[in-house]
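To begin, one chain is listed below as structure tokens, in the form predicted alone.
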């Protein structure tokens, strides 16, 4: 079995997965949303302290699996450095005490493997990663073959929802509250479509965010109409750029991963595109869309098979990472 630890932001999670069958045997997550909601976003130092309290408690619940462990997988990049450090320190302590190897897992790779929890890999695959920290289109052909087609030039898709929610006084996290409020409103606010005239495949959400601010200050629109119009335009920007990628790369399989992939309006729009462009559309199960250790364990299994271990002295905390560009 492999035990995995995830602490890249504000979710503390531990999972145990059987290597041969990929069966998930143990999975527990403690969210910090309530503690951070009063501040309108994640406070890194608070998150770090909460991880330090939660990790030993969850690991104690998983101790029956310790004698069967073959490796410890832990998220070391990307994320908040102070929270990544909590998970890495715990993984090192546990791995050294059990005398088993350490696997350093890229959190973004973990999101791709959220598609394959208790399942076999599907490849090749084009992936849209949409979360609080990232908006990317990736090409996936296995754990060692991932390249980047496009990324955001500024804010991520999920981050823009958090910031708009804060401007509207709706609290944190922004994705669910904006989605809920948008159901009560109409798409009537004329927000601009970012990078409409650019020939590149790229994302940008700073312009929409500023347009929302101006709409709120104008006091001409209801909050629910602002939410509905913002959500609609934010998703339209995703589909606009993905259509360019579909025309260029013609994927047979297309997946949407990350916390924002739980947005039902987003899923609805991409269902339409799957019919138009003829690809198979894949999502993770809802409980694995947000940060979790089950996806880290699943990626860790593939790395274990390829002996992609990291020396305990060499593991590094890497707050920002980038995939190589696709040819």
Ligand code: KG4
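Numbering follows the first chain given and starts at 1. All values reported here derive from a predicted model rather than from experimental measurement.
The following text describes the form predicted in complex with this ligand, which does not appear among the structures shown.
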The stretch from 208 to 216, 243 to 251, 151 to 159, 86 to 94 that lies within 4.5 Å of this ligand in the predicted bound form, judged by heavy atoms, is 151 to 159
How about residue 299 - does it come within 4.5 Å of this ligand in the predicted bound form, if we only consider non-hydrogen atoms? no
Within 4.5 Å, heavy atoms only: does residue 294 come near this ligand in the predicted bound form? no
May I ask you to check whether residue 110 falls inside a 4.5 Å heavy atom distance of this ligand in the predicted bound form? no
Applying a 4.5 Å heavy atom distance criterion, does residue 176 contact this ligand in the predicted bound form? yes
Scan 287 to 304 and note down the residues that get a heavy atom within 4.5 Å of this ligand in the predicted bound form; none is a fine answer too. 289, 290, 291
